[in-house]
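A lone chain, given as structure tokens: the form predicted alone.
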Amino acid sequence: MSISESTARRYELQDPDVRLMLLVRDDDAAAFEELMLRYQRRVVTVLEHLVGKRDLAEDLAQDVFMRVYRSRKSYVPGSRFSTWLFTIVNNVASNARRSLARRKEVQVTNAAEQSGSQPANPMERIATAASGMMPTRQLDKSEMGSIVRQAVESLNERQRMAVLLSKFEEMSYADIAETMGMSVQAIKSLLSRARANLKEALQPYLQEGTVP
């Protein structure tokens, strides 16, 4: 899709990170370093939630920024810089998850045999863990954080990405839709289902059945 000059100019004026990326396009190394400083931690955090491994997330983050650098000469601002960047993050994470899934295919049968009667569905595992907890004991912050992370990881890939962009990056429906290549209405439906799934997973741990 071609980007009009007026659209590019609008984002250049509105978004300081777009202006930095335009300097990167002109081979400004300091501007690229500044963008990495601003976004590296955020990118690693989102990737870790998506792939489940910190070391892999850090490797993938390097791949993301290499893609940003390699595509600098063709960069034209058609959105906020963060929207463009997390579109790359989404693609890199999807490729990595497909690669991991292919590697795990040969292990599925053995893993299923070893798991015995343990529920295979992540949501079921959360519910099983919840049923064994003392209802009168208050969870501390680290326990609750771990439970929330497990609940987020139980979402499917699209739901998880939408939640991460909404909660961590505070993106609008429109920006999430552009990042994920979906319509705004589809993103609203996706987030609605994700929130319902999270509420179901977390409800046993929360007083009065509410999700913060």
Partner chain sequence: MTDPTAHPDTKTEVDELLAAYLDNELTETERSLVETRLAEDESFRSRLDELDRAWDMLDALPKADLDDEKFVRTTVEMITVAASQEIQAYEQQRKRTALARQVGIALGIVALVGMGYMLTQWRLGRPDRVLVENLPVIENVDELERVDNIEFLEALRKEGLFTGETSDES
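Positions refer to the first chain, counted from 1. As the structure is a computational prediction, the values presented were derived from the model and not from experiment.
FYI, the form predicted together with its partner chain isn't displayed, but the following is about it.
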Practice item. Could you tell me if all three of M66, Y69 and S192 have a heavy atom no more than 4.5 Å from its partner chain in the model of the complex? Key: yes
**Study point:** Contact label in the model of the complex: V18 to its partner chain, heavy atom within 4.5 Å
**Key:** no
Review point. Hey, in the model of the complex, is L23 touching its partner chain, heavy atoms inside 4.5 Å?
Key: no
Check your understanding: So, in the model of the complex, is K199 in contact with its partner chain at a 4.5 angstroms heavy atom limit?
Key -> yes
Review point. Is there any non-hydrogen atom of M180 lying within 4.5 Å of its partner chain in the model of the complex?
Key: no
